[in-house]
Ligand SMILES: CC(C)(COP(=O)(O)OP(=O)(O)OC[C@H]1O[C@@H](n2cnc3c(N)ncnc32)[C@H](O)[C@@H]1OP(=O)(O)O)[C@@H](O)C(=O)NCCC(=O)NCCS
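Only one chain is shown below, in structure tokens, and it's the form predicted on its own.
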């Protein structure tokens, strides 16, 4: 078996996506895209290649006889190390592949005082993360059809579509809420998600990415602004699409309450794992970019 850096190419991206599908099963699969929208796999493959370009020294695969047995993709953003993907093929689990990959990608984060990742419910992965010194925060999900009667909102904080011209605001909110900007990851999200929503007023600032029925990332300087953004994002979920809000820790009860008000179902899934920091708040992390 050899460990090597992930290559920015279609073959490596597809191999990693296939590996994640085998490792995570139904958690990795997505519903078919509606007419006119790209297949979910297209976005996943693009994310793998994005990380291979921005953080090549943080993205590693384990390979035997030309077959990818495991992958660990990580990124560094202004002193925060983030594990974006960690997967080991079922037939290779328990053989030390995961440990070696985590050691290699964790070395990329050496010198970063803080770390973040969104973890699947897999017990073996949780053990790896805890032994690596991360604190596991159980996470909740909200899903279902939005009851628009519950979306009544005074609308006293204006929300409007954002674009690349708002990068200064996005990075400023990121630094205030999670201690580091997303930097080039905003370029990816702007190019691949349906919509960026912005709130900027005397009361504070915030933003939210929405893609189909999913809230992909939300950060704000106050719960009031965060709640306004979440309601607006849910109001824009197309008719017939299921809404999805994931990786809510107990600190995000403001989001849980809004979800319940609009008829979404509360469940649990995995963890938000952190090192050297408390859960950012108010904040709904991106599973791929935190």
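Please read all numbers here as calculations on a predicted model, not as lab measurements. Positions refer to the first chain, counted from 1.
This next part talks about the form predicted together with the ligand, which is not shown.
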**Asked** Are 23, 95 and 123 jointly within 4.5 Å of the ligand in the predicted complex, each by at least one heavy atom?
**Response** yes
**Prompt:** So which of 80, 199, 88, 73 gets a non-hydrogen atom within 4.5 Å of the ligand in the predicted complex?
**Reply:** 88
**Prompt:** Of 148, 99, 175, 130, which one comes within 4.5 Å of the ligand in the predicted complex, counting heavy atoms only?
**Reply:** 99
**Fill in**
Per contact check vs the ligand in the predicted complex (non-hydrogen atom within 4.5 angstroms), the hit among 112 to 120, 191 to 199, 156 to 164, 137 to 145 is 112 to 120
